[in-house]
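So this first bit is one chain, no partners, the form predicted on its own, shown in structure tokens.
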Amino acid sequence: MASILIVGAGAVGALFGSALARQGAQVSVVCRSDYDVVSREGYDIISPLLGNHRFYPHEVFREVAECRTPPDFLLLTVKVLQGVDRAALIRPAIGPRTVIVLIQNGVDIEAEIAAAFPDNEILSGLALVGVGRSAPGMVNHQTMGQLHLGRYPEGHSEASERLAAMFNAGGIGCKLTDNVVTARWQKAVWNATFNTVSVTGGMLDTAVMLGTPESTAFIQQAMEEVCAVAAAAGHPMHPKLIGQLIGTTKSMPPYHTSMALDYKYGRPMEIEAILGNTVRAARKHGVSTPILDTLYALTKMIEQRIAAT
């Protein structure tokens, strides 16, 4: 039986943790804001993919240091935010054989964890899922439910195959990739564009962002800039990727991005991990990104305004 600790067990962590628990894994969670409810009642999960169910973690911790036995897998699902030392956050629970799994947004987010834990295997994962918290301990899964997973910086391993098998058996489609860094850039083509446009436009949903030829053209141009940066960084994208992403987004029911929901509820936004790192990579490689530069400046203004209120 695999022991798993999920640090930052919000909507994504709870949904994925419940899938693993249903396969017999011993899944414990660290959650702060939902601690009282989850420790008493578990998670109430509404999911068209996994079915409506209640997930009772093996143990519920308020702090990582409360976990006395290092897990086989530590899944880190907290947001990647400025000023948050992720290595320090998880260090109390890391043992010599703990596999660290980063299920987080953004590009160039693994290096600091790899440097802090050079002897631990690191898996990097990209969640493709529309899920959110509607209240403490209540998780609403809206659309999709997939995970791309790979060993960092490249390849895969026995640990990645073991974890992927548990996810797949639990109903979360998990695809292994030998080049997870390229996969991160591929996700950034959508994330860096739709997330930031949704915020700068004032809580736009996906249907509105693709609602006119002009708005669709703007989205496409921004995505082309991300592709140019990715190519300059050594990760060229498939020529048909942008069309596929736009087509898939149009085919799904309208929904708000994760960053738009953070903006709505006044929560910290992952601007730096999703867009800031992309813009910095563009500057490093001499790629012109006027649309991304503008979106970055505007989202930082919005962030500053929220912080001042």
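For clarity, a rigid core is taken as the largest C-alpha set superposing within 1.5 Å between two forms. All values derive from a computational prediction rather than experimental measurement. The first residue of the sequence shown is number 1, and the count goes up from there.
Just so you know, the form predicted in complex with another copy of the chain exists too; it's not on screen, but the next bit is about it.
The partner is absent here, but in the predicted bound form a heavy atom of M209, alone among M166, A127, L176, M209, sits within 4.5 Å of another copy of the chain. Checking A11, V287, L20, I291 for any heavy atom within 4.5 Å of another copy of the chain in the predicted bound form turns up a single hit: I291. The closest heavy atom approach of L15 to another copy of the chain in the predicted bound form falls outside 4.5 Å.
Although the partner is absent here, L204 is a contact residue: one of its heavy atoms lies within 4.5 angstroms of another copy of the chain in the predicted bound form. Contact annotation for Y35: none of its heavy atoms lies within 4.5 Å of another copy of the chain in the predicted bound form. Though the partner is left out of this view, V197 does reach within 4.5 Å of another copy of the chain in the predicted bound form, counting heavy atoms only. Contact with another copy of the chain in the predicted bound form, judged as any non-hydrogen atom within 4.5 angstroms, is confined among 167-175, 212-220, 98-106, 112-120 to 212-220. With contact defined as any non-hydrogen atom lying within 4.5 angstroms of another copy of the chain in the predicted bound form, the contacting residues in 270-309 are P290, I291, T294, L295, A297, L298, M301, I302, Q304, R305, given in sequence order. Once the rigid core is overlaid between this form and the one not shown, M203 counts among the residues whose Cα shifts by 2 Å or more. Superposition of the core reveals a Cα shift of less than 2 Å for P70 between this form and the one not shown.
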